[in-house]
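Form predicted on its own, single chain, as structure tokens, below.
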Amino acid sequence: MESFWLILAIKGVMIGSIYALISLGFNVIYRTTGVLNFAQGEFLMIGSLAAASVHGKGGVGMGTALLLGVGAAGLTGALVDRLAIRPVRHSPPVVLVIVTIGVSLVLRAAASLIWGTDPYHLPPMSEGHVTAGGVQIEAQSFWILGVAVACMAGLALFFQRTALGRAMRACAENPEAAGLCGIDRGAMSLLAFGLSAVLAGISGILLTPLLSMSYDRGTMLGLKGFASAVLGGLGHPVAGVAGGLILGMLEQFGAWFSSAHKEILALSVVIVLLLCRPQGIFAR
């Protein structure tokens, strides 16, 4: 019985790390531009499908395929900012939300035309299992956790230690003052969307060896990333990471009651928590 709970906890942390990366993408864009990007899940889907297609059908090596997938996601994010967000940047927030929802639908339809409706797969970065405490853990799980932690640490250093990171934070704190100081808010928005899409692409590539990816799977993953960001506290990246881990654990432990309804149980708990604390669990 103890091993059963340990397996659920490990899987919860693993999937929660993916949700945490997606929530980081939401927070990067929101903190820089104030836009809630509901196309985040489609960035994840495009990065994953691009990597899987060039590796499986194009015969490209795994390392190159991963770089191409992340690059495709980042390019998609930059194009979305330039073609869809920039023309309506000064519109009310509800208009921007509707625009990102429309972008999500367009990207999903385009993906179904390019890659079809069949699921795609990627081989794991490491084969086999690791036994810990009598429990077998897939080696891919350690890749997910390690890369997620590295991305989170790198992003924290980027925002705290680099001029670009501080400029993006300045745009989030006071856009008008940042513009008066010579910061190009358009360039910062482009960087935010590109960086957010890169994080999403990495998330999808890490997840695909365990769960196949198709053109419509990114939507639910994006919603879970958004739920994680809101649960922790929207606009607070570290809180969003904690929210992702909590959601991942809730989902896996919900499977103990009903595997068919684990997502409903997890998101229901999230709704109850937000009703009690609308600003997020960790936001001050």
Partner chain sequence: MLRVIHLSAGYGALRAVDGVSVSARAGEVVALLGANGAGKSTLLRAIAGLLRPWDGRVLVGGRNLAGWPAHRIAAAGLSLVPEGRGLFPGMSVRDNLRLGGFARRGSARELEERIDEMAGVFPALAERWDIPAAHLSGGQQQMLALARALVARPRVLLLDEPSTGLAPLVAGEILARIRRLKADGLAVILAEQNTRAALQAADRAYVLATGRVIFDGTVAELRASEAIARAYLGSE
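Residue numbers count along the first chain shown, from 1. The model shown is predicted, which means the values in this text are computed figures rather than measured ones.
One more form of this protein should be noted, the form predicted together with the partner chain, which is absent from this view; the next part is about it.
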Inset, instruction - Given that the partner is absent here, state which listed stretch (176-184, 95-103, 117-125, 68-76) has heavy atoms within 4.5 Å of the partner chain in the model of the complex. - result: 176-184
Inset, instruction - With heavy atoms only and a cut-off of 4.5 Å, decide whether R166 touches the partner chain in the model of the complex. - result: yes
Inset, instruction - May I ask you to state whether A170 is within 4.5 Å of the partner chain in the model of the complex, using heavy atom distances? - result: yes
Legend entry - A111: touches the partner chain in the model of the complex, heavy atom cutoff 4.5 angstroms: no
Inset, instruction - May I ask you to state whether V198 is within 4.5 Å of the partner chain in the model of the complex, using heavy atom distances? - result: no
Inset, instruction - Go through L207, V80, A148, M188 and name the one with a heavy atom inside 4.5 Å of the partner chain in the model of the complex. - result: M188
Inset, instruction - Scan 65-80 and write down, in order along the chain, each residue with a heavy atom lying within 4.5 Å of the partner chain in the model of the complex. - result: none
